[in-house]
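The data below hold one chain only, encoded as structure tokens and taken in the form predicted on its own.
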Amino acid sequence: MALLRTENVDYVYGAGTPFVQTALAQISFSLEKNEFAGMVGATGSGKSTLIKLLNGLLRPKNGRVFFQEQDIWKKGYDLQALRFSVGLSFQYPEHQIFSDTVREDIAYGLKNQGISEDLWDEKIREAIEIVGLDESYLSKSPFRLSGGEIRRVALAGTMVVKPQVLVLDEPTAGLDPIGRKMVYHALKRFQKESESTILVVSHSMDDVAEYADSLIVMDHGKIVDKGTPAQIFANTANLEKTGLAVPEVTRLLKKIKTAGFSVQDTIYTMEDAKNELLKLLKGEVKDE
């Protein structure tokens, strides 16, 4: 049974005006418990609109959205409770930070959820530790932290309420490689410890290839492909039609194979690519 799913969802901007625009058309997909999924697509493909439908921030024109097999737009459904179960973190979440200290900012969700203040400290310590920061940060101003640190504080603020599904729009936008790695390690740890489902929207094929179990490819408001990273990256031509490209390591290996070496060109993670290239350097891979 899917934890969260959409069924033939359409969404239109500017309905009833001369500027009407279809953002989503017949979108059906599902997320399972403890799945780490990536959603990729060029700018304007509908990704950001779709994720706002998943916790009821937007209502579809047609179709339905289900959480734990309950229609979230059925009369009497508790949308506020849904938004604690399906946590949504927008691109550049640090723009939503406004508290004087890191502790106050992380506690904001607990306060809104009605959690007793007696329980805050334990939950806040757990969240800050998951994202790789120590308790000394709790008394600091979030506005005096580095970009990577403040991004992880924002993540802690979303994680602290322990959502069953965590949806993130470009969680590593603007970060350097070290910052991106720290954010994804925090997400993987959170998933492991909470058994939550994670959906990451990203333009970075390298990041989603490294961490996601499954991928959803969007183009012009439609889902055009779904599958494991290996399945998606096996067909470079289809991916490039959507304005995307395979990860850099996959492109490198395809070029090496074209040059006459019998390397595996469906590899998409840095670790596997390193091992394949080491085989080549050691002479274990011969030219064709």
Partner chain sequence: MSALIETQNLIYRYRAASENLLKEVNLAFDAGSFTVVLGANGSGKSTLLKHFNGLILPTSGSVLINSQDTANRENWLDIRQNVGLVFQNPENQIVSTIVEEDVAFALENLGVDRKEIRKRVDESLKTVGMYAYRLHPPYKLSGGQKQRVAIASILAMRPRCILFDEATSMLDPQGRKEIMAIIRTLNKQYGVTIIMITHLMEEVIGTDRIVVLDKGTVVYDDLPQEVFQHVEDIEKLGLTVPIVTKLADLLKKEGVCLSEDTLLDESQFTQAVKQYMEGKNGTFKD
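All values reported here derive from a predicted model rather than from experimental measurement. Positions refer to the first chain, counted from 1.
Below, we refer to the form predicted in complex with the partner chain, which is not included among the displayed structures.
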Looking in the predicted complex, is the partner chain within 4.5 Å of a heavy atom from each of 144, 256 and 259? yes
Answer key, the partner chain contact in the predicted complex at 4.5 Å (heavy atoms) among 192, 74, 111, 95: the residue is 95
Residue contact check: residue 105 to the partner chain in the predicted complex, 4.5 Å heavy atom: no
Although the partner chain is absent from this view, report whether residue 43 comes within 4.5 Å of it in the predicted complex, heavy atoms only. yes
Flag residue 223 as yes or no: does it have a non-hydrogen atom within 4.5 angstroms of any non-hydrogen atom of the partner chain in the predicted complex? no
4.5 Å heavy atom contact, residue 78 and the partner chain in the predicted complex: no
Heavy atoms within 4.5 Å of the partner chain in the predicted complex: which of the stretches 35 to 43, 22 to 30, 63 to 71, 50 to 58 has them? 35 to 43
Could you list the residues in 143 to 181 that come within 4.5 Å of the partner chain in the predicted complex, counting only heavy atoms and keeping sequence order? 144, 146, 147, 148, 149, 151, 152, 173, 174, 175, 176, 177, 178, 180
A 3 angstroms or greater change in CA distance between residue 190 and residue 144 is reported in the predicted complex. Closer or farther than in this form? farther
Relative to the shown structure, Cα residue 95 and Cα residue 52 in the predicted complex (3 Å or more change) are closer
